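What follows is one chain in C-alpha cells, specifically the form predicted on its own.
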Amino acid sequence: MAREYDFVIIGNGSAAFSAAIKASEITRNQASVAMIGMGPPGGTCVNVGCVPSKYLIEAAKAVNFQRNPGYPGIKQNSPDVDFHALIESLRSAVVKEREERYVRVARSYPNVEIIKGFASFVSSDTVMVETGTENVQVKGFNFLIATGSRVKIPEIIGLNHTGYLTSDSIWDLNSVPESIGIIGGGFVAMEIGQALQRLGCKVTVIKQHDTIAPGIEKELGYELMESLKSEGISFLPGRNVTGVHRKGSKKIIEAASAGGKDIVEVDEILISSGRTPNVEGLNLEKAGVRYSSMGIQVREDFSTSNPLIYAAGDVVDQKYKLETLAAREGAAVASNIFDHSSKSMDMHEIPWAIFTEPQLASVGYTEEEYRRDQGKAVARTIPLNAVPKARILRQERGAIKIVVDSNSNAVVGVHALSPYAAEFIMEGVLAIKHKMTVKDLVENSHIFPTVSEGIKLAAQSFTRDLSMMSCCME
C-alpha cells in the first residue's frame, strides 16, 4: 500500500522548506506533508552556497583591511592567517545554521514527515522512494518538485583524471593553495576568487565571456574586473579551455583564443561554469512533466504539464537561480494549492548581487535588454566618486546606473557597483515594482551620507549637472 499525503515535496532545500511551512500555516498543520530528500537539509544555500561563501568573503575582507586600511595614519599589518582554524569555524557556522534554520524548524511542524531517500515517479500521482533499506511508494494529491541544481561540469579533455574543485567541494580544503585556476566566470568565480586571493592564493580566471557574466551591465562588469585586477587577480577572457593535465605536482590548463594558446600552471582548478537542474532519475516522463536540459517547464503559477505537479527553485527553466527566489516560489506554490491563489513572479523585480568588494547588485532590465525587448530607453550612469559617502569610505571605484522607459519615465532597471550595493538595491526593486519615475526617486529623502544616496544622485543626473550641486540638494 502506498502512503498518501496531501502534499508531497521532492527536495529539502529552500523551496521545499518554504513550501512545507507555508502549507502548514495555511492549513493550520492539517495538511499532511511529506518532504523527500537525499542530502543534508537546507540544500545548496546553507550547506555549500550562500552561508559558507559569505563567511569566507567576510573573513578575507577582515584580512584585507588589516593589510590595506585605506586611511592615512593607520599602519598596515600583515596578519597571520590560520586557514585550518578559519575553515573549521566556517564548517561549524554552516552546521549551526542548518540545525537552527532547517532541522529544528522541521521538527516544529507535526504534520510534516521527513523521508530520507531518492524519489522517482512511477505514475502521474505516485513516486517510489529508495531509502537505502526499503522502497516505499508515496502517493500525493499535490506535488512540488524542488530538487535544485548542481555545478555544471564542462567536457574538458583530462579534467576527470587531473581532478578539480567545485563550489561544493572547495569547503573541504584545509589549506590555501598557492595558486588556483578558475574555469568559468560568473558570481562564484568572482566571490571565491577574490576571497582566496586575499587569503594568499594566486588566482587566474579563464573564461569565454569578455565581462563578468552575460546579461549584466557591461560597463559595471568591466569596472569590477578592473577592481579585481588591481588586487592581483589575473583574467584570461575570450578563452576556451581545450584540455588539462598534470605535470608533477602542478595542474596545467590549456586555453585557446583567436590570439593563440595560453598555458596556465596552477596547484588547483576550480570549476565555475554555471549550474544544471537536477532532473535526472525523477522519471518525469512517467508523470507527464515536460522538461529540457534547462529545467522543468512551468506556467505562471508554477504548475507543470501535469496539473497535480508544481516545480520551484533551481530545477525550473528560468533566468535566475537564487535561494531567495526559490523560497518565494515554494511559498507561492503552497498558496496556489491550499489558498487557491494565483501567485506568480516577475523576474524583472528579482534582485541579485555579487558579494565581491565592491559589490555588484542589480534589478530589472539592462539598457541593452530594454532597447532590444521593449523599445526606447534612456539611461544615466554616475561614477561612484560622485557619492560623498564613497569618498569618505575611500572606496571610489564603481558606478550607479538607472535605466528608464523613454515614454513613461518609469524606472525599469537599477544597477550598482559599490560598497553595500546588495543592501540598498531594494530601493530599485520598489521603484520598479511600483512604477516609480526618476522624479519620484529624487523626491524620496535619503540619509546623508550614505552610499544609497547614489540612487538619488543617479536619478538627479537625468536633469542636472551633479558637479554644480551642493550636498543634499533636491
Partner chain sequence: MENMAERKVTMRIYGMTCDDCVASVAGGLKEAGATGISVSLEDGMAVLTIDDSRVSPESLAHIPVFTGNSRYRSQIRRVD
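Positions refer to the first chain, counted from 1. Given the structure is predicted, the values throughout are model-derived calculations rather than measurements.
The form predicted in complex with the partner chain exists for this protein as well; it is not shown, and the discussion that follows is about that form.
Asker: Would you kindly say which of Ile26, Ala422, Met38, Ala410 lies with a heavy atom within 4.5 Å of the partner chain in the model of the complex?
Answerer: Of Ile26, Ala422, Met38, Ala410, the residue with a heavy atom within 4.5 Å of the partner chain in the model of the complex is Ile26.
Asker: Note which of Thr356, Ser273, Asn142, Ser149 lies within 4.5 Å of the partner chain in the model of the complex, where distance is taken over heavy atoms; exactly one does.
Answerer: That would be Asn142.
Asker: With a cut-off of 4.5 Å between heavy atoms, is Asn68 one of the residues that contacts the partner chain in the model of the complex?
Answerer: Heavy-atom contact with the partner chain at 4.5 Å: absent for Asn68.
Asker: Even though the partner isn't displayed, in the model of the complex is Asp339 close enough to the partner chain, meaning a heavy atom within 4.5 Å?
Answerer: Judged by the heavy-atom cut-off of 4.5 Å, Asp339 is in contact with the partner chain in the model of the complex.
Asker: Is Gln30 one of the residues lying within 4.5 Å of the partner chain in the model of the complex, judged by heavy atom distances?
Answerer: Looking in the model of the complex, residue contacts with the partner chain include Gln30, since a heavy atom lies within 4.5 Å.
Asker: If contact means any heavy atom within 4.5 Å, which of 176-184, 134-142, 256-264, 346-354 contacts the partner chain in the model of the complex?
Answerer: Among the candidates, contact is made by 134-142.
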